[in-house]
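In the block that follows, a single chain appears as structure tokens, in the form predicted alone.
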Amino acid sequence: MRILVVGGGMGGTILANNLARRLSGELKSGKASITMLSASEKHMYQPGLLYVAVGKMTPDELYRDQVSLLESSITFRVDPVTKFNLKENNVVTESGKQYDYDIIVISTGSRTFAEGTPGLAENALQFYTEADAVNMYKRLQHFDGGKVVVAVGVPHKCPMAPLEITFMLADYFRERGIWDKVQMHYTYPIGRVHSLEPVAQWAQPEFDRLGITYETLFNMKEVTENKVISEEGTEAEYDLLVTVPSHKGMQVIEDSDLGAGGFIPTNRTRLNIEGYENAFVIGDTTNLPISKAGSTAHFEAEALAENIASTIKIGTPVRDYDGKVFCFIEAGEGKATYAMFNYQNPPNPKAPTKGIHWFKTAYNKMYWASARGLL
């Protein structure tokens, strides 16, 4: 049984390691094999980019060699897929090789699409790549006050990122002693400050307490050198613009006609691609109506690994993915809270505490054990 995992991010790494342990006997006997194809030999802790953007971490803290995170029974190749041929049960890679499989798991992630809004990429700071996060911190160091706008597009990776960067910027300006010279304004595309209503109900009073103004039903249409213009006809002037831009799936997904915008139609409980019993999707690549977050990929990977292993062992899956997500939320002032939810149960954020903030920062170090599937 040839298992092919495409993508070396959190979801693909946890899934491959989990499978390797569950199928250790089958791997030793040659009845099964696991191959991972990745675009990079390095694995990045993506949530750390938020901290790089405000000078709390340096980029070298975000990386490990991907092979060091994998069980030794997994074959790892840096050879990005350029074409998925699901009907033929194979993929073609950048090197020109063809990899055949019996089971495939696609976990290629997502990417920012700031260029989809005229002027946004040229005028806004963002933090979803190392280069962007470093550039943002350098720009912040030379900012001495004025109007700061945090403008949000959808869909985007990490549901709490807009709130977190807003609170973290407020902290940054306070620490520099220029908070009294800053006017912060937050825009969000729907009729509340966050897509999850309980989270919005918690966050809006926090904005009010800090004096952060906000405008909802604000969908970015165009950005000039000093203002953001909405589809609804309103404008937000800025001296410094920070964005959580809309995201798309990877280009190879669109090129292979697997899903609009690079997001693949996925069964919400079994995680298989609609119409295929041997092809699965986890993480940001799905089109599921849940948050695109590391924890989503983590919980999907655990459920799917158990099902793939049981299918190989006894011929049937044994559990459903229930939509479980767990997200920490940096709330500023040395405090944090969290949101935990699934398909049936909405989140219920508690008052932020220093203890949860400590645990969130500790997780920045524990992540590597989590990627190995040990947490």
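Residue indices: 1-based, along the sequence shown. Quick caveat, the model's predicted, so the values are computed rather than measured.
There is also a form predicted in complex with a small molecule; it is not shown, and the following applies to it.
- For the options 124, 149, 293, 279, the one in contact with the small molecule in the predicted bound form, meaning a heavy atom within 4.5 Å, is 293.
- 252 is the sole member of 229, 196, 252, 140 with a non-hydrogen atom within 4.5 Å of the small molecule in the predicted bound form.
- Interface membership of residue 107, defined by any non-hydrogen atom within 4.5 Å of the small molecule in the predicted bound form, is confirmed.
- Contact between residue 283 and the small molecule in the predicted bound form is found at the 4.5 Å heavy atom cutoff.
- With a 4.5 Å cutoff on heavy atoms, residue 305 does not count as touching the small molecule in the predicted bound form; it lies far away.
- Using a 4.5 Å cutoff between non-hydrogen atoms, residue 22 does not count as a contact of the small molecule in the predicted bound form.
- Taken together, the three residues 37, 50 and 360 all come within 4.5 Å of the small molecule in the predicted bound form, as judged by their closest heavy atom.
- Heavy atoms within 4.5 Å of the small molecule in the predicted bound form are found in exactly one of 265-273, 188-196, 157-165, 234-242, that being 157-165.
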